[in-house]
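To begin, one chain is listed below as structure tokens, in the form predicted alone.
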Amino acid sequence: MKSIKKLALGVAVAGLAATGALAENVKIAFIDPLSGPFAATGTNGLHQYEFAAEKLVNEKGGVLGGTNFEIVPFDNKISPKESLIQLQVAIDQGIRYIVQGNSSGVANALTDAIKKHNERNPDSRVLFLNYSAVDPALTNEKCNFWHFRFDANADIKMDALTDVIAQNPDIKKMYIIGQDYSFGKAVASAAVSMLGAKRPDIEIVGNELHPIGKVKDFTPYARKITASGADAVITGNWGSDMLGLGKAIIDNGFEGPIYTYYAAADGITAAFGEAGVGTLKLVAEGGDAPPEKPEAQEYQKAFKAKYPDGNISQSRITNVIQMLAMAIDEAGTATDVVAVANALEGMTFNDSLWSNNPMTMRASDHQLIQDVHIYAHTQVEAPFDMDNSGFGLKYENSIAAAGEALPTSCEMERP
């Protein structure tokens, strides 16, 4: 009798093995900082990915008729070298989808490594879904078939920012400051070029870079900004560097606008509080802030219920999850990443939680074309504030399909 039961169990297991491919989760490696000075940014991003996978895919039946998404975290300590180690660990675990966003230096290392790996290992290829690293080179001279960017790149965002700045006659002098790596340099270069084209009368009274993640006291930088007579500041700083720089500038008496890329959430909003009102501006993809779509409101409320100290600070994360799910279903496979990439190329996405306007993954360079907005730091009622602070973002300006007309130097090579 025991033998019969064992035989029956063996048959059942064999049957599951033969037909149970759907039971295998689609694993997505999250490679970002979960320790060190940028841990708050990485941890909040991880929670947003986990929540999006559960709510937008798994609870709706998964992909391919029943397969769930699973987010697997890897701490890269914001180090390109450590990121490459974690990438190999993820590949060795059979993971075929990599998401990363914090630091373009890391993204540049990953995209090179993934390209080389895929050329050498056609049976274990992976896709790089870049949700926040915005160095323009990644979709220009360094573009490749395996990399897709879901955020607007630094040039696209600067194009939007400088459109707004150009309309402000009170700005005569501009100070540019950022982190000393590829993204900070890209922001500075775009600011100089685009201000020169749109407002050649604006004088650049400062243009400097500082070490990333190492400055403990930004007071000397703030004093130089104040002494320069600048009417406004542009910075691409993020994480603790954004907080330290911004607080020092305001504490030293600067009252003009500070145009930023990442001055929100992860403790930044709470730290600025009332001091940031009327000063901090932010350029980002997304939609209305606070959100107007009922489904977006419910999603944000549910996230806050699960992560009371967290923030929905990167709407692009939900776009990554939803568009990947669509591509897998269209391709009919999660393991053939070439087929999934072909489905992502040129995809028009109409179902974003945050926007009523379509987004398109441009096939020529794998840059998502979407609306970009300018927001202001202001008082916001819960649960749509950030850091449970009573402050958040308010929509001010919008550029539809931002970057659509900007050229790309990408020469895409497809397998």
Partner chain sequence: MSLFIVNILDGFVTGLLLFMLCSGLTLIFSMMGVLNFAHASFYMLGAYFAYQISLLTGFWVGLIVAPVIVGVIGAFIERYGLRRVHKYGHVPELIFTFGLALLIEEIVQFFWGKSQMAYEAPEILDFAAFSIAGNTFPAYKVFMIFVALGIFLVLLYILTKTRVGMTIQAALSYPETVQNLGHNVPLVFMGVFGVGTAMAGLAGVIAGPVLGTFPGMAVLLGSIVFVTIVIGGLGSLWGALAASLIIGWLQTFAASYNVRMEDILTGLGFTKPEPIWDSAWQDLWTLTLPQIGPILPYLLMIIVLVVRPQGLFGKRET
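Please read all numbers here as calculations on a predicted model, not as lab measurements. Whichever C-alpha set is largest while still superposing within 1.5 Å between the two forms counts as the rigid core. Positions refer to the first chain, counted from 1.
The same protein has a further form, the form predicted together with its partner chain, not shown here; the description that follows concerns it.
- Across the options 353 to 361, 54 to 62, 38 to 46, 369 to 377, residues that bring heavy atoms within 4.5 Å of its partner chain in the model of the complex belong to 38 to 46.
- Contact annotation for the candidate site: 224, 251 and 270 all lie close to its partner chain in the model of the complex (heavy atom within 4.5 Å).
- Although the partner is absent here, residue 26 is not a contact residue: none of its heavy atoms lies within 4.5 angstroms of its partner chain in the model of the complex.
- Contact check for residue 240: a non-hydrogen atom falls within 4.5 Å of its partner chain in the model of the complex.
- By the criterion of a heavy atom within 4.5 Å, residue 217 is counted among the residues contacting its partner chain in the model of the complex.
- In the model of the complex, residue 172 stays away from its partner chain, with no heavy atom inside 4.5 Å.
- Proximity to its partner chain in the model of the complex, defined as a heavy atom within 4.5 Å, holds among 196, 332, 211, 294 only for 211.
- Put simply, of 255, 201, 298, 180 only one has a heavy atom within 4.5 Å of its partner chain in the model of the complex, and it is 180.
- After superposition on the rigid core, displacement of the C-alpha of residue 390 between this form and the one not shown stays below 2 Å.
- Core-aligned CA deviation for residue 35 between this form and the one not shown: 2 Å or greater.
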